[in-house]
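Just one chain is shown here, as structure tokens, and it is the form predicted alone.
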């Protein structure tokens, strides 16, 4: 007994020592793990900023490009009827067919479906079985025949024309309403949503909040599925327009190219119909009059009453909506009617209402009674004329919602085209910010940044509880801001790279309390550890950033030399960071990113020429092209491809010699250079390698390479 009792204190001391060491070890492990997770989170946030900065810079380029085209339209004076026709076809009348012409151009009834076709077949009115067949066919990578695609688009357009600008949804008629954000052509995400949440039905309503297309590879399949469910369940499925439901944006981000690749024969007809369907999509959705769903956001001038009454189909492309400034009131009257001075000179106009005869001269807008009387009579004459035309060619159509509003609200305020355009631009392109106020969205180049005070003002004015918007990729698929009064929902998982983000959708019941479902649609993402996911995404982000740096090599050299006063070929790392930001304007923490971008330094100094050579070697290993030419292509390829697709009006992949000549004349007005006709002709002949009398995109790129090499020969500056 004595020995046992004497051993107990020793055992207790050993146990206490063991526990103390174990506790210290646990604390050390916990500290190490926290530092490890913090480093991973820091890497993830840096990667996220890189992706977003590059994405928004690309959107800025898109809007700058179309500001460039607006400049051309304002400053280029056609010297002949041929040039005037080219301008009209390329920038104005090419946007929209007249009503009867569109029906004739996209005549699906004349198309025959061969017996060898094994894909799904559609008959109208559509039934739930048709939707199920389409889902199964697309899972098997089958393609819907062009006849059925055009028929579906025709019926969808006819349905959308009857809808108001702001759709109204009630939770009284269904158990809950599911709201989905951006899908961006990622069909697997839509399949996953339907698998987890169920297909649309009389008891399950859906709101899809825009950006169905672009970036992903199956945008057209998503449109077909959504339009099919819209026609089967018109009261339960609601579609909002996003900033990518815009044919000018589609030219840059891949949707137009996707359609032409999948439907080589009838692709341009499908694109023309889709372009016309997009402009009829509603602009917003209200749930129980308490929750407003819009794609982008709001501004301090957002007016839901104005949005309700805008003739939305006028804005086929929001990027083309801005009109030139005119002081003449007659021109202002023209703009109210959806026309511009250029359009008045042209034989065609943007809107479907261009079928109507020219109205009588308008009275002064200051005389509201006379102006209202004139406007009512003119609109009635236009509608009657349209009905007569439709009666003579096809079955009569019901008046659209917009035309009904035009007749019932004529004595209300008449807004200018510019005011209406800004309303739509703001709700499609804007983003929230934590600061108070409202300012121009310089990061995207369009819309605005709106603060919590702007949100509170709109919610109070229209008696709303909160806003739901999309437009921004979020790491968890959703995010609250503005004291939980603004909810961003984003449904495209793995948007930047596999493992970069989750997708999410939100469900609202009668209590309007949001319930979120998050997911990863990619099976690969589930097999990766957190470290592997972050490393994979990080690698992709830095690869894109190095391409961006390489594309601006010439500008970077000039910026570095400004800091290298003694011409030593070396600059400090802080100077490197400031110079890079001054060129790229991405707002990134360059000093934090430096270890991933700059591998070797000597005494804290960077030999910038060798660093740029390393960037060039990395890119040249992928593209066997001379470095200086490759830099030009990397910097300008997206803009050049967009320009090419704008010129290529029939989406054939070819532009004629005459279109090429006229385009170069247009560019000369912007670049303040004079192009000789002989120089243009020599250029055309030199780049038409296969001598087929047309220019494809690769030959078009070659023109810009030759211009860079031979600029003094081709361009003569005016004296």
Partner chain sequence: MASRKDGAVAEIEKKIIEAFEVFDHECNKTVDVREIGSIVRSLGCFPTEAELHELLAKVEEEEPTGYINLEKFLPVMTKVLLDRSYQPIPEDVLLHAFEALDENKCGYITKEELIKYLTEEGEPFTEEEMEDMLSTALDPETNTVRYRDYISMMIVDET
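Numbering follows the first chain given and starts at 1. Here the structure is a predicted model, which means the values were calculated and not measured. Heads up, when I say rigid core I mean the largest set of C-alphas that superpose within 1.5 Å between the two forms.
One more form of this protein exists, namely the form predicted in complex with the partner chain; it is left out here, but the text below deals with it.
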| item | value |
| --- | --- |
| 4.5 Å heavy atom contact, residue 661 to the partner chain in the predicted complex | no |
| Partner proximity in the predicted complex: residue 18 to the partner chain, non-hydrogen atom cutoff 4.5 Å | yes |
| Contact flag, residue 616 vs the partner chain in the predicted complex, heavy atom cut 4.5 Å | no |
| Distance check, residue 568 to the partner chain in the predicted complex, heavy atom within 4.5 Å | no |
| 201, 232 and 496 each touching the partner chain in the predicted complex (heavy atom, 4.5 Å) | no |
| Residue stretch of 586 to 594, 302 to 310, 128 to 136, 455 to 463 approaching the partner chain in the predicted complex, non-hydrogen atom distance within 4.5 Å | 586 to 594 |
| Sequence-ordered residues of 427 to 443 touching the partner chain in the predicted complex, heavy atom within 4.5 Å | 434, 435 |
| Post core alignment: residue 563 C-alpha displaced by 2 Å or more between this form and the one not shown | yes |
| Threshold 2 Å Cα movement between this form and the one not shown for residue 45, core superposed | no |
